[in-house]
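Before any questions on how it binds or moves, here is one chain, the form predicted on its own, in structure tokens.
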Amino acid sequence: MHIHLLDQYHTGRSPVHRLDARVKLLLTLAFILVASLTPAGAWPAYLGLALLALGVTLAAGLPPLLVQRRALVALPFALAALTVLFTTEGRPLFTLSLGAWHLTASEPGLIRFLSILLKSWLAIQAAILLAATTPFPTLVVAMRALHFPRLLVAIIAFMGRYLFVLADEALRLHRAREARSAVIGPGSGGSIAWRARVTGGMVGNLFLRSVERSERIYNAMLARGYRGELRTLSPPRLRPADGVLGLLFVTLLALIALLGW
């Protein structure tokens, strides 16, 4: 387990890295909104959004394969929309027989399903680019400056910071288990049920440790003046270049949206 893998930020001095975090956050939300509202089957618009994401990736100096590999995390969740393939009416393509059930896939259902996959893939790419070019503390400051709900900002900030704490606790449990385990040969270590019991015990232990540590951290924060709101310095002023780049990106998004509709 490598805790540093949880940090998705890539250090760089590209124009995308230097762009104001507030502008990047708003542009990312706009990109996701346009991708979500694009009609099903608008393939030229999907191609335009993919090329726009690729252009930002290259401008940020990030390896395109790295971004695409991380974007694959959206596919398992998008497969939940597989039912639209069989529930949308239209010209039938094929039929699956599952016992007494007969599922017929339609052409409009296939178009909707592929559109959902592409939308999820594009939205995840936008989020990956934002995380890879913006340090997490700067992103939290940007949310606060844009007047996001205070409770939401606090939850995101604590989640990002204490995810590493939980990973460290899990790493300690894993090392303790490895130090107390003797591997003699292949097939040793017990049955699957035994492994499941051990894993369940480790998860329960991790939960108890996390609760105890969170209470200690919260008491320490109260002792240092925490009153339910994260205090940050004033964000830097927007540069004219930030506005120009943001306006250019929004213009491209508007053209792609018009192409899709």
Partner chain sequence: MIPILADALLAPARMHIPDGFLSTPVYLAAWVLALIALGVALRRTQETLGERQVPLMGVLAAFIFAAQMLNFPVAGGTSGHLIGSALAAILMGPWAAMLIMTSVVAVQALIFQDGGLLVLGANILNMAVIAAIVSYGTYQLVRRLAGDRPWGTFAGGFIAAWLSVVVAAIATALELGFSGTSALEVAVPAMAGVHLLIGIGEGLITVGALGFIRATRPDLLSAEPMGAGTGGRWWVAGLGLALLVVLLAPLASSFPDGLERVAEDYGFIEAARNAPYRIIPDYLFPGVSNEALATILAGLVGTLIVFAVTLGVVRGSTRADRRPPTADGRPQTAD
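Keep in mind it's a predicted model, so treat the numbers as computed, not measured. Residue numbers count along the first chain shown, from 1. In this text, the rigid core denotes the largest set of C-alpha atoms whose superposition between the two forms falls within 1.5 Å.
The next section is about a form of this same protein that is not shown, the form predicted together with the partner chain.
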Problem - the partner chain contact at His102 in the predicted bound form, heavy atom, 4.5 Å - result: yes
Handout entry: Partner proximity in the predicted bound form: Thr57 to the partner chain, non-hydrogen atom cutoff 4.5 Å
Key = no
Practice task
Classify Glu107 as contacting or not contacting the partner chain in the predicted bound form by the rule of any non-hydrogen atom within 4.5 angstroms, answering yes or no.
Solution key: no
Exercise for the section: Classify Ala142 as contacting or not contacting the partner chain in the predicted bound form by the rule of any non-hydrogen atom within 4.5 angstroms, answering yes or no. Expected result: no
Exercise for the section: Taking the partner chain as it sits in the predicted bound form, which residues of 140-174 have a non-hydrogen atom within 4.5 Å of it? Please list them. Expected result: Met143, Pro149, Arg150, Leu151, Leu152, Ala154, Ile155, Ile156, Phe158, Met159, Tyr162, Leu163, Leu166, Ala167, Ala170, Leu171, His174
Exercise for the section: Align both forms on the core first, then report whether Ile217 has a C-alpha shift of 2 Å or more between this form and the one not shown. Expected result: yes
Handout entry: Cα displacement of Pro149 between this form and the one not shown reaching 2 Å, rigid core superposed
Key = yes
Problem - Rigid core superposition, Ala81 Cα moves 2 angstroms or more between this form and the one not shown - result: no
